[in-house]
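Okay, so here's just one chain, in C-alpha cells, the form predicted alone.
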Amino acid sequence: MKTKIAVAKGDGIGPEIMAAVLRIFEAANVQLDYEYVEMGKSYFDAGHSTGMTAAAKETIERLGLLFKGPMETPKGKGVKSINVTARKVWNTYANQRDFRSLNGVDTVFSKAGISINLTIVRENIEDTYGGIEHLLTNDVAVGRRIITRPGSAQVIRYAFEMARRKGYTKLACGHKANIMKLTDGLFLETFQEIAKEYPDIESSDIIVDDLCMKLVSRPELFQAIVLTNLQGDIVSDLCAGLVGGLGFAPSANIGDNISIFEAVHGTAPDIAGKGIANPTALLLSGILMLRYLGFTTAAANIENALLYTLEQGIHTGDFGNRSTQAANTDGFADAVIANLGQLPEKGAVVAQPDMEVKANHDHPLKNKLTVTKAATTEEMVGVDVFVESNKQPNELAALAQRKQTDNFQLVMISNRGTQVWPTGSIFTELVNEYRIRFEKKDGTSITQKEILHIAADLSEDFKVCSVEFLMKFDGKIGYTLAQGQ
C-alpha cells in the first residue's frame, strides 16, 4: 500500500519544480500517493485569511505530512506569513536544515578545498515569531519575545537525537545569553541540562555573533548547531550562502504529529512559467522527507543520482559553468532520472535513516498543555509599570514617589532599558516611554491586587502602557536589571 501525503504546489515557480520532483520520485518507484491541497497567495486573494482552505487544513491534519513548494504571502494586507503560520499551528517545533558542499556547485570554500557538512536545528514556534507587538506610544513599538522551557527542551532534545542518528560527535548551542539573560539564558540552561543525558556527544555553546564570524571563516569547525527561532533563521540562511545559496538548502519542519518538508527559497515570479527554475532545494527536501517516512533506499538512490548529475556538470541557469549550456527544469529532472543507479565519485550516500521515522499521528481531543516541574517557591517582589511621559526623570520620580505605600518603594526608573533615576547621565537621550520599578520593602509581603493598585494610582498621572510583575523563583530573580542599575 502506498503512503499518502498532502502536496501543495506553491506559488510562482512552485508548480514547475514540484512537478519535476514528483516525476523523479515516480521514476525511482517511490511508493507515495498524493492528495493535493489548496494553499498560497491565490487563496489569500480569494479571502482565506490563513492562506489555505478549510479542506486543505483537514487533509493535512488527517495525513500528518505536507510537502510544499515555495509560497508567497501578500504584502501590505495585514495577513500573517502562511509559512510561519503552518509551522506554528501544527507545532512543527524543530526546523532541520542540512548544508553540505556539492561537487558541481562552486563556492569560495569549495575552491579553497574546504568541505562543509553541517546541520542547523532551529526552534520553530516561539521567540519573536509569535508576532506579538504593540505601539505603546506613537514613537515606541515593543515586541514580546517568548522563550519557554518546554519549547526549548523539545527542539534541543530533537537536536541531540538527530546528532546521534547522523553519527555526529559535536553539538553547539548558539545564543545571545550575555545580553538576553532570561530568554536566551533559559534556552542555554535547558541545553546544558539536556546535554548531560548525551555524554557521547560533545556539547558546547557559542555567542551567536561569534558563531557567525566563525561560520564564514572556519565552517569546518561545526557539525550541528541548535538555536532559537530568529537567530536560527538568520544563521541557517547564512549557512545556505556557504554552500551555494537557498537553491541548495533543504528544509524539514518536524512535529510530533504533523511535519512539513519545503523549499525555503522564494517564488521567483520573474521566471515563473519559463521552465528554467532549479528544483534542487525542493528535491533535497523531498529526500529528507523520504528518509523520515522510512523510504531510505529510495532516498539514497535519488540523492546519489542527484550528486552524480551535479558532478557531471549538469546545471540550471542559476549556477554552474557558464560556458556550458544550462538545462531547463525538466531537462535537469530528466538527467537525474537517467542517472538513477549511478554513484558519485565523491560523497556517495547509503540508505540510512538520518531523520526521525514518522510516528503514527493521532487526533487529540484537546490542546496539549506542556509544562515542566513548577518552582518550589514563588515570591512576588515588585512591579514594573511602563508609562508614557514627556517629563524629565526627576519630575517623573517626584510624581511616582507619591504613589509609594507602606509596602512599596520606588527603586528605579529607566528609559529604553537604561537607568535614568536615581542615577544616570545627562547624555542619555530619552523617548516618551519609561519603566517605573517599585519593589516591596523588607519584611513585607504583597499581593497581585496591591500591584495592580499601584498601576491604577499611576494612571491618574500617566497613560499606563503595560504592567509586568517582578517575581523570584526558588530565590532566583525572574527579571533583569536596567543598564547602569
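All values derive from a computational prediction rather than experimental measurement. Quick note: we count residues from 1 along the sequence shown, nothing fancier.
Although it is not shown, the form predicted in complex with nicotinamide-adenine-dinucleotide is what the next lines describe.
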>> Taking 4.5 angstroms as the heavy atom distance cut-off, pick the stretch from 298 to 306, 82 to 90, 101 to 109, 115 to 123 that is near nicotinamide-adenine-dinucleotide in the model of the complex.
In response: 82 to 90
>> By the heavy atom within 4.5 Å rule, which residue out of Asp270, Asp210, Glu133, Asp200 makes contact with nicotinamide-adenine-dinucleotide in the model of the complex?
In response: Asp270
> Using 4.5 Å between non-hydrogen atoms, is Asp233 touching nicotinamide-adenine-dinucleotide in the model of the complex?
Replying inline: no
>> Taking any heavy atom pair closer than or equal to 4.5 Å as contact, tell me whether Gly40 reaches nicotinamide-adenine-dinucleotide in the model of the complex.
In response: no
>> Taking nicotinamide-adenine-dinucleotide as it sits in the model of the complex, is Asp318 in contact with it (heavy atom to heavy atom, 4.5 Å or less)?
In response: yes
> Is there a heavy atom of Gly51 lying 4.5 Å or less from a heavy atom of nicotinamide-adenine-dinucleotide in the model of the complex?
Replying inline: no
> Does any residue in 248 to 268 get within 4.5 Å of nicotinamide-adenine-dinucleotide in the model of the complex, counting heavy atoms only, and if so which ones?
Replying inline: Glu262, Ala263, Val264, His265, Gly266, Thr267, Ala268
